[in-house]
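Below sits a lone chain in structure tokens, taken as the form predicted on its own.
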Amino acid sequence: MLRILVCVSGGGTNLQAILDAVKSGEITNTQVCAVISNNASAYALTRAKENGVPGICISPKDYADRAQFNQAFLQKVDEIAPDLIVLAGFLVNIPAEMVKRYKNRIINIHPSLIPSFCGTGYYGLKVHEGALARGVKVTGATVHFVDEGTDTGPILLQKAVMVEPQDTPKTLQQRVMEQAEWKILPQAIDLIANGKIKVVDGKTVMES
């Protein structure tokens, strides 16, 4: 049984997609053991409570500096002892020590087809604003492992989404969530839970 910790900053729609997929059997051999948010008012914590999952708030605002926050954050993660950490819209930089300790056990969902519109400064609506400003015809979402860089880890899954002429950043964001994020994030978790994907020489390899 894969025990996953989901980290979320906002509403938690990707968290909900994971919880629903576990219930429906789309994700197998998996238990959501905890949810961590850096925002005490995040609706993701309400979603966790409604589904009987422990919800925890750890905010940088509650600590004197980022080093103290990082230490508290890592300590809480170690207490939870997850097999996999899922960043589902988590707008906090993951401490380098955590990336090292949980190497190839942290995944992130990003709302673009990496390497496009990713890296420092590209998060939330900014990703979709960038895509529309560039005039791309196709965008999408990517699930990738987390490494020391920003959106630079090995890619697990990607799914393309067409950009419509009348799109705004918000309409494009919604379509990318519905058509890509909510589909490939549960799929990636299921692949990991059942040993069907691994990292070899910095690249993901599907197992037969």
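Treat the numbers as computed from the prediction; the structure is a model and nothing was measured. Start at 1 and count along the sequence shown; that's the residue number.
There is another form of the same protein, the form predicted together with glycinamide ribonucleotide; it is not shown, and what comes next is about it.
Novice: With the partner removed from view, which of 94 to 102, 129 to 137, 76 to 84, 107 to 115 is the stretch that lies within 4.5 Å of glycinamide ribonucleotide in the predicted bound form, judged by heavy atom distances?
Specialist: Among the candidates, contact is made by 107 to 115.
Novice: Using heavy atoms only and a 4.5 Å cut-off, determine which of A34, I58, M177, V161 is in contact with glycinamide ribonucleotide in the predicted bound form.
Specialist: It is M177.
Novice: Is G10 a contact residue for glycinamide ribonucleotide in the predicted bound form, using a 4.5 Å heavy atom cut-off?
Specialist: Yes.
Novice: For 71 to 104: residues with a non-hydrogen atom within 4.5 angstroms of glycinamide ribonucleotide in the predicted bound form?
Specialist: Read in sequence order, the residues that approach glycinamide ribonucleotide (within 4.5 Å, in the predicted bound form) are A88, G89, L91.
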